[in-house]
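Next comes just one chain, in C-alpha cells: the form predicted alone.
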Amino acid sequence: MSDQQPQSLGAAAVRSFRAPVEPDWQRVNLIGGVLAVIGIIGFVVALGLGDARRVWLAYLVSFLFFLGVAQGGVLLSVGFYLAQGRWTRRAVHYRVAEAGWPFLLLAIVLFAGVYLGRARIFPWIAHPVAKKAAWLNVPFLFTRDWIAIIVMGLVSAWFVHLSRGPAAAAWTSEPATIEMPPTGIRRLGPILGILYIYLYTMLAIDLIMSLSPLWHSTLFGWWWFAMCFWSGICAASFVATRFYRALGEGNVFRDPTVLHDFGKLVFAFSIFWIYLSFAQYLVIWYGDLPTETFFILLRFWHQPWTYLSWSGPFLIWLVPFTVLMAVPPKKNPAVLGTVTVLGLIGVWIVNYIMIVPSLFPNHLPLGWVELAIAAGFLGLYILCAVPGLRLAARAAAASPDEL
C-alpha cells in the first residue's frame, strides 16, 4: 500500500504540506488607517488652535522623511540589481526594499500641502533675498520640485514594474549564473540613480536649505540623499527582522546570511553618512565664515536644540557602529530591529533639526502636534506598503518546491 501511495498521489506526494504563515494583514491595514485618521485629526485641530507655522513645518518634516524612506528603498533595489545581488530565494530583499514605492505616487498629491503652507514655511516669500530671487520664487521653485517628485514617482513605478516582471524573476532565480540583469532594468536602473542624485539634491536645497536663505553648503544635497538611502536600508532591514518571526519556520529570513547582509548594509552606510557629515562640518569649521557657521552653532551649541541635535548622530551612527560591529548582533532579529527603529527615529530627528530651528531658533516646538502628524504619515506609508509587503511575505514563506 505504501509503495503505491506516491503513484496515486503523483506530484502532490512529494509537495510540502506546510501551510504558509501569513501575517494578519487586516490588522496591519487597520493600524495604518487608525494612524492616518489620528494624523488628519491632529492636523485639523492644531490648525484650528492657530499655530499654523508649527503645523506646516511638522508636515514638511514628516513629508520629507517618508518620501526619503520610500525613495531610498527603491534605490536600494536599484543597487541590488546593479551589484548583481542575488543572495536570497525569490529575491525577497528586492521585494522588501521596494515595498514602500506607492508612497512616491501619493507624495505627488501630498506635496500640495507644502504648497498650501508655503507662506508659513519659507521665510524668503515674505522677505525676498535679492541675490537669490531668480531661484527662490514661488512659481519656479514649486514647479520644478513638483516635476521632480512626479518624475521620480513615475520612473520608480516603471522600475518596480520591471523588477516584478518575469524576466527579473527568472534572473534572480538563477544566482549561480553570470548573466547580467534584464536589459530594461540594466538601462533604467542607472537612469533612476542619476535622477535621484540630481533631483534629491535640488529638493534638499529648495525645501530644507532655503529655510535659512543666507546659508549654503555644496555638500548638503549629497549628505541628505545619502541619509534618505540609509533610511530605506533601515526600513527594509526592519521588515526583514519582523518577517523573521512572523512568517514561521522555513521562511527565507530565517537564513542567517539574510539578516547578516542587511546588518552589514545598515552598518556600512551609517559610516558613510557620518563621513559626509564630518566632511561638511570640517569645511565649515576651517572656513569659519559667519554665513556658514551660524547654521551649525544654532543647532549644536544653542539651547534648546543642543541635546536633540546631538541625538541624531548618536542614533544614526554611534548606535549602529558600536552595536553592529560584530557578526552575531547583525544576525539577531531583536538587536538589528531595535537598531533600525532607533536609526529611523534618528533620521526623522535630523530632518526636524534641519528644518524647524530655521524659524524657531529659541523655541523647541516638539509635542503632540508633531507626533500626531508623523503618525498620520506613518499610517499612509503603511497602507501604501502593505501590497508590497504581502508579496515579499508570500515569496519568503514559499516552499522550495514552489519556486
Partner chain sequence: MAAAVESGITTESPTLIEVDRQAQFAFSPGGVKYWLWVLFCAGLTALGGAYWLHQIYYTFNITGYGQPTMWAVYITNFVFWVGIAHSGTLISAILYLFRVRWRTGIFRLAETMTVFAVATAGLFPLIHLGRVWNFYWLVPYPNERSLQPDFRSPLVWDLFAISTYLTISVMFLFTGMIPDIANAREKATGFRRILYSILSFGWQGTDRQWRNFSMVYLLLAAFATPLVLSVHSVVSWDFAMTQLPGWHSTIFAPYFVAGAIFSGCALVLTLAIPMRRLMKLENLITIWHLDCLSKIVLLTSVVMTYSYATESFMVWYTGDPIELATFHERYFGPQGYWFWLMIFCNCVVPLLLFIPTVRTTTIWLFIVSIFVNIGMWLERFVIISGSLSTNQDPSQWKFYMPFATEIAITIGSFGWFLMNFSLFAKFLPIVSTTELKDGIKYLRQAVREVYPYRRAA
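What you see is a predicted model; the values in this text were computed from it and never measured. Numbering follows the first chain given and starts at 1.
Only in words, not in the display: the form predicted together with the partner chain, which the text now covers.
**Item:** Partner-proximal stretch of 105-113, 220-228, 92-100, 68-76 relative to the partner chain in the model of the complex, 4.5 angstroms, heavy atom
**Value:** Only one stretch qualifies here: 220-228.
**Asked** Which pick from Met152, Met209, Leu298, Val160 sits with a heavy atom within 4.5 Å of the partner chain in the model of the complex?
**Response** After the contact test, the surviving option is Met209.
**Message:** Please tell me which of Leu318, Leu308, Leu276, Ile125 lies within 4.5 Å of the partner chain in the model of the complex, judged by heavy atoms.
**Reply:** So the residue touching the partner chain in the model of the complex, by this definition, is Leu276.
**Message:** Quick one: Arg120, Val350 and Ala374 and the partner chain in the model of the complex, is every residue within 4.5 Å by at least one heavy atom?
**Reply:** No, the whole trio is out of contact, none within 4.5 Å by any heavy atom.
**Prompt:** Does the partner chain come within 4.5 Å of any heavy atom of Ala246 in the model of the complex?
**Reply:** Judged by the heavy-atom cut-off of 4.5 Å, Ala246 is well away from the partner chain in the model of the complex.
**Prompt:** Any of the heavy atoms of Phe238 lying within 4.5 Å of the partner chain in the model of the complex?
**Reply:** Contact with the partner chain, no.
**Asked** Is Thr322 a contact residue for the partner chain in the model of the complex, using a 4.5 Å heavy atom cut-off?
**Response** No, Thr322 stays farther than 4.5 Å from the partner chain in the model of the complex.
**Asked** With the partner left out of view, is Ile205 within 4.5 angstroms of the partner chain in the model of the complex by any non-hydrogen atom?
**Response** The answer is yes: Ile205 has a heavy atom within 4.5 Å of the partner chain.
**Asked** Does anything in 193-212 come within 4.5 Å of the partner chain in the model of the complex by heavy atoms, and if so which residues, in order?
**Response** Read in sequence order, the residues that approach the partner chain (within 4.5 Å, in the model of the complex) are Ile194, Ile197, Tyr198, Thr201, Ile205, Met209, Ser210.
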